[in-house]
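For reference, the chain that follows is the form predicted on its own, supplied as structure tokens.
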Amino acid sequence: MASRKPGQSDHPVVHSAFAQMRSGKLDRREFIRTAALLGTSATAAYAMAGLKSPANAAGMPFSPDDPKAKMGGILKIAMAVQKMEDPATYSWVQMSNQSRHTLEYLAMTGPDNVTRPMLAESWTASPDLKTWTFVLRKGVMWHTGEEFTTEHVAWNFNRWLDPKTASSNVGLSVCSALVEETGEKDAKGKAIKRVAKNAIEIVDRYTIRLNLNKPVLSAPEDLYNYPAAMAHPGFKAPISDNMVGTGPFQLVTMKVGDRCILRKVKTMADGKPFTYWGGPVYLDEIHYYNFDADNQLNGFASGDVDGVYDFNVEQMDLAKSLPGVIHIARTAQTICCRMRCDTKPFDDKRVRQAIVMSVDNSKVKSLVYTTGGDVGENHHVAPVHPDYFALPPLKRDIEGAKKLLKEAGFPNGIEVTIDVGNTDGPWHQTACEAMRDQMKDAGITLKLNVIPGAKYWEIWDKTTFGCTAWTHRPLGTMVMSLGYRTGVPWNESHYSNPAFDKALDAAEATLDVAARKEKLGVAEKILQDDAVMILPLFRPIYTIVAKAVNGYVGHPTQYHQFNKVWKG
């Protein structure tokens, strides 16, 4: 397929990225992602790259209507059914899946890693990427009978950025560029920030402008982060008591640890018929039934459900024996065995470095995932990320580890305990046991404190040494910003390094797509050298659905978007 050139209306960065793609400096897939972020339609971006565009309805983030689709039916999915308090503070993907078909997003990043307009109809960015203008779809209705407008968008942004909300969204690049220092500190000594004057500008009923204090390339992509769902201004916690949204389904039953049932919306609160902006939706209901990670596949095998959230690598042989369709996605999903940098003995970098140097990540990965997945490099950017920069391979160094421990005051070795919740399944424990066996050679005794997954999520950001699961995000800068910037809510390691923050700022502010990789590589190396974590691998995701389930496509972040799914 012949490619076409960008036009005059395309952003200058699109022209630059196109030239880099033609010269071989930029992958075609990365060009498509970048062009779509900067307002070029996905169809046009694919055409510029000389590739056939995946089937998506014109102007929509969803696939086109299937002429063979049948209306009706109930889709049953095995997944942990979790408590839903506040969408802005969701801490796990499962929570967002339970509300994803009710509470929607301004943009939607698909399984192909391309971000398309959702509640927003389009967006444009200024040449310096400091001003982003979003135009909303007209006629999008809340279940209350009100039209969705920019007043509601501004309300959500202001709420996310209010320190009282404690939303992880403040760690997103686009949100961090909307705030300024107040000069004040909270009770814990953290700097208090507030929304900068005129940062969120309502132009008219359907147009909103974000005036940033630094360039940000990933603004639309950030807005499909799972805690960035648009809530109604009448929201009161818990959201499960009155979930008002713009999506095609409404919550009718919610029992934590049991079931979550969604039913198609037919009428609005004012009694008028509800017409969904996204076109026909085939299913009548979506049911989530609570299954532990280990038992989801058993639920599928017994016929109790039509699909699962995921299954473990140990269960692949069983999955292959079942009459279903297996979906495998390469992802940035991982476990982060991180140490609290402000707590003894891990406040001594030499101790952290010794622990990290005693482990061979490639051997841990090969023990846990014999096929698929990628070896981790003890920072949070994965090879699947378009902004990944390859650093020199890590080498295990037992003698070096012993030397560092001696310098730190532990000549006879050290004993440490890691909390493991197996929140994604027993492979967490398997990986930690492999690390334990390797650490022995350096005089490090690693004890595993295995606790229930629900208990782990109560302490994940407090424990001194913990094995935390992190989900996939489409861009490496996103997870680095969410997890390691000084003072952000999800900084579970309590890591703070101005040099890292500066390097990450530089990567996020670089307009040249190829140059961004090298700048992010600087941040990767700083995090790696500071030995904050052992991040041994990035895992593939395995899911399975019944053959009667049509239109399902696995997502690397395990986001469920069932708008065009139907049952035969």
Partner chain sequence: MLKLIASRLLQMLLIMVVVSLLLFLIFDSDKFKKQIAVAELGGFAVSALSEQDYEAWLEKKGLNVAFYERYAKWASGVAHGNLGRSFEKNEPVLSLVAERLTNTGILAFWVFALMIPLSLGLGIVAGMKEGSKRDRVVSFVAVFTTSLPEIATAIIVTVVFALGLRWVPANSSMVNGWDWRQLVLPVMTLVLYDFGYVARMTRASMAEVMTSQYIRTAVLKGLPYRRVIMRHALRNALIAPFTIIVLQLNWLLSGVVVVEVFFQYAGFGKLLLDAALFGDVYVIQAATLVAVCVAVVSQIISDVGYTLLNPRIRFG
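What you see is a predicted model; the values in this text were computed from it and never measured. Numbering follows the first chain given and starts at 1.
Heads up, the form predicted together with its partner chain isn't pictured, but that's what we're talking about next.
Does the 4.5 Å heavy atom contact test between Asn198 and its partner chain in the predicted bound form come out positive?
No.
Given that the partner is absent here, does Thr370 sit within 4.5 Å of its partner chain in the predicted bound form, heavy atoms only?
Taking the distances in the predicted bound form, the answer for Thr370 is no, it never comes within 4.5 Å of its partner chain.
Since only the chain is shown here, I'm wondering whether Glu458 would be in contact with its partner chain in the predicted bound form (any heavy atom pair within 4.5 Å).
Flag for Glu458 set to yes.
Using a 4.5 angstroms cut-off on non-hydrogen atoms, would Pro238 count as touching its partner chain in the predicted bound form?
Close contact exists here: in the predicted bound form, Pro238 approaches its partner chain to within 4.5 Å, heavy atoms only.
Within 4.5 Å of its partner chain in the predicted bound form: all of Ala166, Ala301 and Asp304, by heavy atom?
Looking in the predicted bound form, the three residues Ala166, Ala301 and Asp304 all sit within 4.5 Å of its partner chain (heavy atoms).
Among Val384, Ala469, Ala408, Val265, which has any heavy atom within 4.5 Å of its partner chain in the predicted bound form?
Filtering the options by heavy-atom distance leaves Ala469.
Looking at Lys83, Lys214, Lys349, Lys138, which has any heavy atom no more than 4.5 Å from its partner chain in the predicted bound form?
Residue within 4.5 Å of the partner: Lys83.
Among 173 to 181, 427 to 435, 75 to 83, 334 to 342, mark the stretch whose residues have heavy atoms within 4.5 Å of its partner chain in the predicted bound form.
It is the stretch 75 to 83.
Could you pull out the residues of 356 to 382 that have any heavy atom within 4.5 Å of its partner chain in the predicted bound form?
Counting only heavy atoms within 4.5 Å of its partner chain in the predicted bound form, no residue of 356 to 382 makes contact.
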